[in-house]
Structure formats: C-alpha cells, structure tokens
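Single chain ahead, written as structure tokens, the form predicted alone.
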Amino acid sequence: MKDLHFFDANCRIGNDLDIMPKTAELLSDLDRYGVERALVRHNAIRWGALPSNSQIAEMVREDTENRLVGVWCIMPDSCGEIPPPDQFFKLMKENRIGAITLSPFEHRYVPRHNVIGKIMDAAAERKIPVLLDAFAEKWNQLYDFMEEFPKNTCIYTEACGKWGYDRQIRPLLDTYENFYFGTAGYWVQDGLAILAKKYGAERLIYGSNFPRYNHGCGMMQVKYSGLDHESVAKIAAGNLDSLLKGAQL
C-alpha cells in the first residue's frame, strides 16, 4: 500500500541486566522494517516502576529525531511514591512521555478506584492513554478494572493471551467505547477485518510486542487484513497518533 505509515504501540526496551535492546537497537530495528515511530515502555517496570520511569525518559532523550514516545508507570499515591497528577503529567510532557501503564500485581496493590482513582480520574479527564499490558490472560481482573475506570482511554496491548479469546475480548469492545485493541498476538484468520467491521477500524491499534516479536510480522498482519486503505492506515498509525495528540498533558 502506498504512503502507509506505521506507529508501533507495543515496544519495550532496557532492563536491569543490560541485555535487552536499548534506544539505538530499537531505532535500528524500526529502520529495518520501515516503522516511523514507536511508543516505548521500560522492560523493568514490573521490578521497579520509579527507576524505570527515569530510565525510559533518558532513553527517549537519546532519540534526537523524536521518533520515540515514552510510557510511564503509575503507582498508588498512598505511599507518596509519585507526585500529584498535575505535577506528574507536567513531568510527562517535559520528558516526551505520552501514555501511562500500571503493574498492580507485581507492585502489590489492588487496581481499584479507592487505590489509584485520583490519578486515573485525572488521566481520564485529560484523555491520556493507559496501556493494559499487565492484564495478560487475567480476564476477571481486566473486567473488574474496566468497570472501575470506564471513562479512561485504555489500550489492551498485551500480546500473549489473545489468540482464541474473542469471547473475552469482544464484550470489552462492546461495552467500553474508550477501550482499544492492540493487534500484537492476535493471530486469527480474518480476525482484524472482522473486528474492524464490527467495532470500527478506529478501535484497533498496530503493535509489534518488540523485542519478543519483530515489527514486520505485525505489519504484514495489518497490511494484508483485507481492509481498505483508509482503515489500514488508521490501524497502522492514525489511531495511536490521534490518541496521543488528543491527550491534554
């Protein structure tokens, strides 16, 4: 397809063991497959949210072409680990961070409104995307989370528990208009076309799950989904770009 741009919503770089890809490796891989931009989170979020936030900010700064947008992890405010929402979002903007995520199970808290409601409500008001990669095959917890935070803009980016779970996925798309579905790991014949026709191509977002999967595999899935060029362009980059531009940081 001509003039098709890709914006990868599902990339991880860096970790404490210094063996995962970093900024240069990701940019090189993006070039190899022809992906223009990427939304990146730190691979060590589940081990340490606050150090990973500062490290991903440093890695994003290494990208002098502004192709990378970072993701920060939130924490409950009960222990004073992150600043108040207004200050937190101001720091996000200053560090080219465009979205947030959470790892409640590793960080030992229950992701409910009386725990993280203050920052989640502020994120909903500002339309800041929330990546839900922590809920891999945790369907009960994911359903509970969406009931708690129905107004938040959420992208289900996890990539290991989608194949064969349409009866779990589709009710979320049916119920929550701000719930977006990442393509990584959804290896279903004609699956993207069916979802796009049922819920709209605007609800689907390309992601590779780099470095576990390469960018090209997911690109092929989108390019040859059978959808028209306009729909493919939305999934490939347009939807994510619109969400990030719409966030009021």
Partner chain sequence: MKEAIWEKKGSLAEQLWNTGKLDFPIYDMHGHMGPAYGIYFQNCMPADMVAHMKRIGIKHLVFSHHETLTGFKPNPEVVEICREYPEHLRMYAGIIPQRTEEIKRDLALFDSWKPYAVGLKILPIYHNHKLSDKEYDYALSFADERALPVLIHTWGNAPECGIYETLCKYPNAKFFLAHCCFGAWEYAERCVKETHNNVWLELTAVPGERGIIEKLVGMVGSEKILFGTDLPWFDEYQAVGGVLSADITEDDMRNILYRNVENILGKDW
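Given the structure is predicted, the values throughout are model-derived calculations rather than measurements. Numbering follows the first chain given and starts at 1.
There is another form of the same protein, the form predicted together with the partner chain; it is not shown, and what comes next is about it.
Fill in: Output flag, K127, F149 and R203 jointly within 4.5 Å of the partner chain in the predicted complex, heavy atom basis
Spot residues vs the partner chain: no contact at all.
Worksheet item: Is there a heavy atom of W47 no more than 4.5 Å from a heavy atom of the partner chain in the predicted complex?
Response: No, W47 sits far enough from the partner chain in the predicted complex that none of its heavy atoms falls within 4.5 Å.
Worksheet item: Closest heavy atom of E230 to the partner chain in the predicted complex, within 4.5 Å or not?
Response: Outside the cut-off, so no.
Worksheet entry | E62 within 4.5 Å of the partner chain in the predicted complex, heavy atoms | Flag for E62 set to no.
Worksheet item: in the predicted complex, does N66 have a heavy atom within 4.5 Å of the partner chain?
Response: N66: no, not in contact with the partner chain in the predicted complex.
Practice prompt. With the partner chain left out here, work out from 100-108, 131-139, 79-87, 165-173 which stretch has heavy atoms within 4.5 Å of it in the predicted complex.
Written response: Comparing against the partner chain in the predicted complex, the contact stretch is 165-173.
Discussion item. Where, within 20-40, is there a heavy atom within 4.5 Å of the partner chain in the predicted complex? Residue list please.
Written reply: P21, E25, D29, L30, D31, R32, Y33, G34, V35, E36, in sequence order.
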